[in-house]
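Next up: just one chain, as structure tokens, the form predicted alone.
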């Protein structure tokens, strides 16, 4: 694969070139310590050296709230909402967030393909960037290294004096047309190690979770949990939603709205008659973790968690999904040892 040298002095020129090609979304500061993906108006506002964004780029393909259709009660007519491809460049995406998009692609392509999501995905170009793992990242444990280029068109490897631009696809090569950058012939920089890990090969997690359903760990975790649902809302692979009809003040028309929802919220499992079949927090915590490491994983053979660390970093109760899994692993190992 071709590699080019992008020195820090040329970074703003590089970003301006991208902006001239398409709409660009890139990480930018929000407040003192947070970062968000947002449209690029000023190349100097882009921050490529960041720990994680508050939300992943999922929000551009699966908006937090969207109209599915509008209806008229008087004429009994309805019309599906118009959906356009995002058709943009996503600059500075970490490897775990790109893997999350690929997992959502799988989810929304199975069975009856989801029109809105798949339409928005069209035309998206991804430029990845390496990062320095902090105490919350654990991508290495779920098979996603820092410099994994899977799904990228270009990838930026951080150097002391700039970045190595790795051309991953023909789309990425075409994107660089007209931008004169020198070739890079050296070795790619070594990425930093992850600070935390899930201490078990992923292939064995099926066995661990098959035994862990009745574990007392869920009740222990639930004692700290406040059921706010933050872990669901910041997770890049969560895709659950609720659908509600909203009628306008004339009572003649309205719209059907879809918005993000989460299994940690009590109302999520409420059905007709007011019955809540996952009423306690322990059951909801178990369901959340099983969705990441068992239910979908049993079908795909891989974890559905990407190791971004958001659920732990932003948890109001300080609950760590890595700690939960490692405790289940330890419990499993103790049970096996007791049989010997």
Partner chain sequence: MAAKPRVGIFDFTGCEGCELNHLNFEEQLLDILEHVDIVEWREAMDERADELDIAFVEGSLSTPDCITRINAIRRKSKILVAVGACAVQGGVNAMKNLQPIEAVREEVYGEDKYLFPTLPALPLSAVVKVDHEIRGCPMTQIEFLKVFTALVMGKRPVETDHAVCVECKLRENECVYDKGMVCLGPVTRGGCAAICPSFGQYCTGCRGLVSDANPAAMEQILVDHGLAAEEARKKLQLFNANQLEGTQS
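Positions refer to the first chain, counted from 1. The structure displayed is predicted, hence computed values, not measured ones.
Below, we turn to the form predicted in complex with its partner chain, even though it does not appear here.
> Taking 84, 88 and 292 as the candidate spot, are all three within 4.5 angstroms of its partner chain in the predicted bound form by heavy atoms?
Judged in the predicted bound form, none of 84, 88 and 292 sits within 4.5 Å of its partner chain.
> Residue 225: heavy atom within 4.5 Å of its partner chain in the predicted bound form?
Yes.
> Do residue 33 and its partner chain come within 4.5 Å of each other in the predicted bound form, heavy atoms counted?
The answer is yes: residue 33 has a heavy atom within 4.5 Å of its partner chain.
> Report yes if any heavy atom of residue 210 sits within 4.5 Å of a heavy atom of its partner chain in the predicted bound form; otherwise report no.
Taking the distances in the predicted bound form, the answer for residue 210 is no, it never comes within 4.5 Å of its partner chain.
> Does residue 260 make contact with its partner chain in the predicted bound form, using a 4.5 Å heavy atom cut-off?
Contact check for residue 260: yes, within 4.5 Å of its partner chain in the predicted bound form.
> In the predicted bound form, which of the stretches 126 to 134, 148 to 156, 176 to 184, 249 to 257 has residues with heavy atoms within 4.5 Å of its partner chain?
Flagged stretch: 249 to 257.
> If you check 233, 217, 164, 200 against its partner chain in the predicted bound form, which one has a heavy atom within 4.5 Å?
Spelling it out, the residue with a heavy atom inside the cut-off is 233.
> Give me the residue from 188, 73, 102, 192 that has a heavy atom within 4.5 Å of its partner chain in the predicted bound form.
Contact residue from the list: 73.
> Enumerate the residues of 253 to 292 that have a non-hydrogen atom within 4.5 Å of its partner chain in the predicted bound form, in sequence order, or give none.
Read in sequence order, the residues that approach its partner chain (within 4.5 Å, in the predicted bound form) are 259, 260, 265, 266, 267, 279, 281, 284.
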